[in-house]
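Encoded as structure tokens, the following chain is the form predicted on its own, with no partner shown.
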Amino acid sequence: MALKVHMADYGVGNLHSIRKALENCGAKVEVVTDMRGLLEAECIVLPGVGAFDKTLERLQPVREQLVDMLRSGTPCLGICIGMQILFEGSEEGKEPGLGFLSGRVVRLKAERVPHMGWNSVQSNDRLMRGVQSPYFYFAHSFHGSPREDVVVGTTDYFGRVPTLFKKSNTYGTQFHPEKSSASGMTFLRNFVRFAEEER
């Protein structure tokens, strides 16, 4: 039976590309506008659309239950802002993050901010198996800075920046796999396969 993914709709952007990409990878996707729907999920996707505080505002009613699910091993993929909210806080906002990942989100220390466009990801993680090109699409001014050993991929952008994270069965990406052509599709296909094994 196809993996059923519950994807959070924070109410701020078009989720068509990530939904279509996941469906093309064999998942059945339900977009959730009432965040309580996430609590029934066998797999969660926190998409990369929105600002730190606004995104957390939408998740506020279920934040504790959501973190409990992640800690207990429910597969999850957080993309860009969906990854950043997993940390304890961010220089972008004032609200506390979910705190699933120890550490904070900090502004890029680079000559050009935001970091926009294609860049390579160095990783030996299983989600990168079969990826022919290491280049993925980025659009961000902040990045996660963890205080625990959760970094499984990095990118060179005016220094080494962590861009792929894993803790328990939760993955977080700074890049946008849904906008990353064939490399992104292979990555998402691997995630769907991983989530199917862990559900």
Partner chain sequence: MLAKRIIPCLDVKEGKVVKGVKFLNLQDVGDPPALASEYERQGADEIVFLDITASAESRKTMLHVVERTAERLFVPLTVGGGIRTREEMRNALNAGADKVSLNTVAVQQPHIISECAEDFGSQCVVVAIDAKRDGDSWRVYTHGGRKATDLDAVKWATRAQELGAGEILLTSMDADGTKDGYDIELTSSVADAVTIPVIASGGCGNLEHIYEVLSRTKAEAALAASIFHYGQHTVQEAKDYLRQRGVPVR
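Residue numbers count along the first chain shown, from 1. The model shown is predicted, which means the values in this text are computed figures rather than measured ones.
Another form exists, predicted in complex with the partner chain; not displayed. Remarks below refer to it.
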**Q.** the partner chain contact in the predicted bound form: residue 67, any heavy atom under 4.5 Å
**A.** no
(Q) Is residue 113 near the partner chain? Define near as a heavy atom within 4.5 Å, in the predicted bound form. (A) yes
Q: May I ask you to state whether residue 147 is within 4.5 Å of the partner chain in the predicted bound form, using heavy atom distances?
A: no
Q) Is residue 119 close to the partner chain in the predicted bound form, meaning a heavy atom pair under 4.5 Å apart or at it? A) yes
Q. Among 34, 156, 42, 57, which has at least one heavy atom within 4.5 Å of the partner chain in the predicted bound form?
A. 156
Q. Heavy atoms within 4.5 Å of the partner chain in the predicted bound form: which stretch among 26-34, 59-67, 159-167, 45-53?
A. 45-53
Q) What residues in 170-186 sit within 4.5 Å of the partner chain in the predicted bound form, counting heavy atoms only? A) 178, 179, 180, 181, 185
